[in-house]
Each structure stands twice: as C-alpha cells, then as structure tokens.
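So this first bit is one chain, no partners, the form predicted on its own, shown in structure tokens.
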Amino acid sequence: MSALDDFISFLTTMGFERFIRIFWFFVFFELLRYLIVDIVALLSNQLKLLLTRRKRTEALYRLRLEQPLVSLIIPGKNEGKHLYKLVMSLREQTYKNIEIIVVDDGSTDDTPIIGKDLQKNGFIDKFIRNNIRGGKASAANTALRFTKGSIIVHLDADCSFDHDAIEQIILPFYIDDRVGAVGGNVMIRNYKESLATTLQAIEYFDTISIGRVVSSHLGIYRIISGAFGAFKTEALQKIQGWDIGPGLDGDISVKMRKLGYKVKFAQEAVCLTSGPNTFKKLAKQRLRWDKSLIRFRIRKHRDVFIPNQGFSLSNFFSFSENIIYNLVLNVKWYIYFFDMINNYPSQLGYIILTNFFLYTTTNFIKFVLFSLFRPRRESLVYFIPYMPLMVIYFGYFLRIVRTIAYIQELFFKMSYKDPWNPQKTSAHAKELGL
C-alpha cells in the first residue's frame, strides 16, 4: 500500500470521536476562538453599527460643528527622512483644526535641521529637541507638556494616513463620552517588498485588524498602537502620561482601562506603516512586543485580577483572554505536540499533514469572510497564493518567537535590556517597577 493510500485510510477510518481526540487543539481552541467567535462578534458588531447609524451621524455633525483642537504629537529618534512627507500628508487631512508638535529624542541625523526648518516655515507648530535621548515615552511626555488640544493623537513619523484618518480616530469620543482612548487601524504599506512583509500584511488584515474590531466590540480591547492612537487630554493628564521604559503602547491602554475609561478601535481610521522586511528583523520586533504580555499583564498590572474597590469585570476578562490565548495556549500547543508524539508516533506525519490542511482551509475561509468587514479590499487577490504559508508563519515562526520572549521576560526580565529604549531609562523604570 502506498503512502497516499495509507493517508486516505487514516482520514476515512478516523471517525468523529477519534478526530476530536487527535485534533482537539484545533477544534476547541483555534476553530472556536478565531473563526466562530470572531464571525459571531463581527456580525453582532455590524448589527450594532446599523442600529446606531443615526447616533454616529449626529456625533459626526457635532464633531464638525465644534471643531475641537487636536494636538498631533510625533516623538522619535532619527526620523528626519520621514518628517517632511508625514507633515505634508497631515496638512492634507479633512480635519483641519490641528497643531503638530515634533519631539526629537536625541537624534544623530538631520532631524534638528529639518524640524527647525518645518517650524520656521509654518508647516508644524512646535519643534522640540531633547539633546540627550530619554526614550519614546519620555519624548511623548515632553510633547504632552506643550499641547493645547482637548484630544491628543500620538503618531509614528514613518507612517502615512488616509485623508480622513484624523477625523475617523477622534469620532468615537463624540459617539460615547466615556471613551478615553482610541486605536487606529494600522496596515502594512510595503506588503510587496518581501515574503516577510507579505505575511505580515495578511496577519494585520486577519489577526490584528479584525481581532481588534472583535475585542473592541466585546469591550476587551487592550492595546492601542503607538503608530496611531488618540487620547483625551484630560485622561492622559490623570494617568500622568506615559510611564518611562519599553512597552508604552500596551501599558497606557491598560492604565486608561483601569481608570474607568473605555478604549475603542476605529477601523476606518487607516494608517499605513512599513513592516520589517526580513524575518530576522521581524523576530526582533516581535520579541520586544511579546515580552509586554509578561511585563504588563502578569507583573505590573496583575492587580486587575484582585477583587477590590477598583475591580472591573471587563478588565478581568480582557487580561484573562489575553493570557489564556497567548501564554497558556502557547504552552498547551507544546503539550498537544508531545501528546501526538507519545500516543500516535507512527501516524505523526499524517497528523501534521491533516493539521496543515485544516489550518490552511480555515485561514482561507477567514480571509474571504473577514474581507466583508474590511475597509480596504483592493489588494486581497494578491495575498491568496500565500495563504498556505500562514500555517508555518503563525504555527511555527511566531510561536517560537513568542515562546522565547516569554521565557526571556519571565525568568530574566529582558525587556529592561532592550536597546530600543535607553538603558538608563530602562534601569530607572525597573527600579520604580514600571
């Protein structure tokens, strides 16, 4: 009997109970959470948008009538080459009542010359230079001291934005007064540059963007991208801005939630960024990102699990879902893998092949179905041939990187040694327990 005949026999003689026994991880965790729950939540969200359409129209009318001053802050180091293009794109926004503040965090390129020239010619409202690098959070806090707007939008200098992005990201503040922070919809701009950027673009489409629509609808949205995030000024002042040290994106979102503010995702507020163009650079980025789950969810903000006066059920579920589906299930996947090795060693190849087929089919279904809920669909056909590779990208590459990050942070607190943040600032943050 050929290997193909053996594989067909393995599939056709399996039966329902044996299928569940062998592929329990896929059925009970991946399929349930990342397809069924997401589809139900997306449909529910669409229904909510339909029922609240009038409220949204009225909110947009009030926003355009009141025209609040919005402060756009752009902290960064060595971003001179991006500044002119960014500032020109911001001046083309449909929302005009803005001030632009650029903070140079100890750059060694031409940022000081470019920034001063932009201010001199009236293209930005203020350019501030920190001669000694303090880190992105420190630079953002410097900008915060000079803002005059009632809403502050934090931007990365290397991003570009749809013409109505600023209006779209501040609209949720007018839809619900309890909203304290809003995340923009970040997408990959350079998706054709390499295989690494193509797979990231698919991830941003399905896992990140759609995932944030779902979590925002369910009230458990927990991280506002530093590339494009909006905040009520009064809320930022209450939490005293950004804590110094690495990981400012997830940290400030949690601080907002703990203070009682709602945190929402604005899918129509589209921001384009360039993703790392090699897998080595991508792994380095994700090692930094993934450490934040341990640092902030388990260590710094673990008090969300303690029933006290400030306890919030939504924060409890937000953290629990994050820890279960990223940390616990990451460990569970290894348990599943060793379970298959131990109990089905002779059929392991067929199990891996079937899992590959199941995940690829599910990924394709998700990609097609979720496209109905995306603001942009013009490039979707380009990604279809790459769908089979997402099993390797998600199931192996990102999982291994995530595992390394968790081990590094759990046992060695490596986020405080990340060169992305100045060592003196990280050391001070570690002393303060930030």
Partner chain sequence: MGSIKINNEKGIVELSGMSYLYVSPNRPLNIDRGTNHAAVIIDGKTLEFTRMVVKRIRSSFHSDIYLKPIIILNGNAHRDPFVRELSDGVIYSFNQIELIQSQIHLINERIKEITFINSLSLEAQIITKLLAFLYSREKRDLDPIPSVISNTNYTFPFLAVHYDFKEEHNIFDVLEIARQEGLFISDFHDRVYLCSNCKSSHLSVREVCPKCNSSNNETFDIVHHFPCAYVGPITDFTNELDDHLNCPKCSKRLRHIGVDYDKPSVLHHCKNCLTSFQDYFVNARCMSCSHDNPVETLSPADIFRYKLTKKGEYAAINGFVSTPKDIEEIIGTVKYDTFKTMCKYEIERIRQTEGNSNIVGVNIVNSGTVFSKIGSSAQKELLRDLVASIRASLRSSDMITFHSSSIILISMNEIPERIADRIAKDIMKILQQLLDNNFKDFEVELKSSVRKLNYHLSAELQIDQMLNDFVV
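Everything numeric here is computed off the predicted structure, so don't read it as measured data. Positions refer to the first chain, counted from 1.
There is another form of this protein, the form predicted in complex with the partner chain, and it is not shown here; the text below is about that form.
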**Q.** the partner chain contact in the predicted bound form: residue 243, any heavy atom under 4.5 Å
**A.** yes
Q.
in the predicted bound form, does residue 131 come within 4.5 Å of the partner chain, counting heavy atoms only?
A. yes
Q) Is there any non-hydrogen atom of residue 114 lying within 4.5 Å of the partner chain in the predicted bound form? A) no
(Q) How about residue 432 - does it come within 4.5 Å of the partner chain in the predicted bound form, if we only consider non-hydrogen atoms? (A) yes
Q: Could you tell me if all three of 189, 207 and 332 have a heavy atom no more than 4.5 Å from the partner chain in the predicted bound form?
A: no
Q) With the partner chain left out of view, which of 282, 227, 87, 239 would have a heavy atom within 4.5 Å of it in the predicted bound form? A) 239
Q.
Just to be sure I understand the contacts: of 142, 292, 233, 160, which is the one whose heavy atoms reach within 4.5 angstroms of the partner chain in the predicted bound form?
A. 142
(Q) Can you tell me which of 132 to 140, 175 to 183, 353 to 361, 209 to 217 lies within 4.5 Å of the partner chain in the predicted bound form, counting heavy atoms only? (A) 132 to 140
Q) Does anything in 99 to 126 come within 4.5 Å of the partner chain in the predicted bound form by heavy atoms, and if so which residues, in order? A) 116, 120, 126
